[in-house]
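Below, in structure tokens: the form predicted on its own, a single chain.
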Amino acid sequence: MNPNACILIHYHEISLKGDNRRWFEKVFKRNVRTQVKPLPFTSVETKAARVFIFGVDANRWNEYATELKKVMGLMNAHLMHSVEPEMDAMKAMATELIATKKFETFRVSTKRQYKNFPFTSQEVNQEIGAHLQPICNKRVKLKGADLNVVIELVNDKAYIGVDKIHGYGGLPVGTGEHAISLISSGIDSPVSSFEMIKRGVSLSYVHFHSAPATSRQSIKNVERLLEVIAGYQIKCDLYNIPLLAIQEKIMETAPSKLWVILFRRAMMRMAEQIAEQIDAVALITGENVGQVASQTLSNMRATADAVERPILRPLAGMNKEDIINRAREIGTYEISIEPYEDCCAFFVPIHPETRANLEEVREIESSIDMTGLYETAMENVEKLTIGGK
């Protein structure tokens, strides 16, 4: 193990914070420690608006990279090797690092926070580049180079590296407030949840099922999805809520065209009850405008009318292709496309309402005797915790 190896992290929106910036940094460092806990390191420290992980094993960089990619708020991370801030030491380390790499073009990129260093960033780039070029016999390319030799002069040290990952940016998990995500085992709601995690929001999850009329496969799929999402959020609480009795009552009484809207209003009400219990201030859904009949603006309005808490829809204006690409990227897509019976899709009528009249929805709903059905459903909630390092 190289005792001088470390990982240098640049965070994202934290840099825009004011007086509370140190608190954001503290949460960010806590999340970094948690994420790399299975791997060797000695400390996680802040230096000059950068976060360093010291005492790492450079030979396990790919493992660190996999874990750090999941840290929300991270803009990029470099595997670095520290040397004394002297030109000869920097040249020697840069030479050693490029010897193991295959490339056709390269560049040197220097940031100089350590202002006592006698050379400017541009002068370091030129000096190190001129040293490396005859050794590797490769062409210098300032834009789009195959290999970037990164040098950062921080305090009284020079950090040099060629291995880098990009993160998702955003804000650290735990810096925002608490919300409830209504999650199915489909493609959209896991992506919607991810987008809110990226904003620092702490999520708990509610899943509705129609067992035994449908199989419990959707429950199993959601648990697997949350195992993936817990990689980004660290820990997920899931509440599984039985919806079948409420659905059967609605189908006995209401016009079939309004079934799905009334199902969703019931789901929102019970999700809000969970939110009240755990002090969550908003509800999150994976709705996407116009994607299916229940997701027109009129129908979304009719659904949102059932609760007082705001309903956030991170995917509302996204293209389906973009949602699928994100699902593939974060690792939920393959689980989401496995066969399952959705609690609403299983009972979708042939001609569902696409532009619900809110007053009509309210009137029909008020005529349905739901006495005891909500209470029974809430008494039979199954809670479990997924993840946690």
Ligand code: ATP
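Counting begins at 1, following the sequence as shown. Keep in mind that what you see is a predicted model, and the values were worked out from it rather than measured.
If you look for the form predicted together with the ligand, you will not find it shown, but the lines that follow are about it.
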> Do residue 183 and the ligand come within 4.5 Å of each other in the predicted bound form, heavy atoms counted?
Replying inline: yes
> Does the 4.5 Å heavy atom contact test between residue 152 and the ligand in the predicted bound form come out positive?
Replying inline: no
> Is residue 126 close enough to the ligand in the predicted bound form to count, meaning some heavy atom within 4.5 Å?
Replying inline: no
>> in the predicted bound form, does residue 291 come within 4.5 Å of the ligand, counting heavy atoms only?
In response: yes
> Which one, 118 to 126, 97 to 105, 82 to 90, 262 to 270, holds residues whose non-hydrogen atoms are within 4.5 Å of the ligand in the predicted bound form?
Replying inline: 262 to 270
>> Please tell me which of 228, 206, 197, 280 lies within 4.5 Å of the ligand in the predicted bound form, judged by heavy atoms.
In response: 206
> the ligand isn't shown here, but in the predicted bound form which of 233, 221, 295, 175 has a heavy atom within 4.5 Å of it?
Replying inline: 295
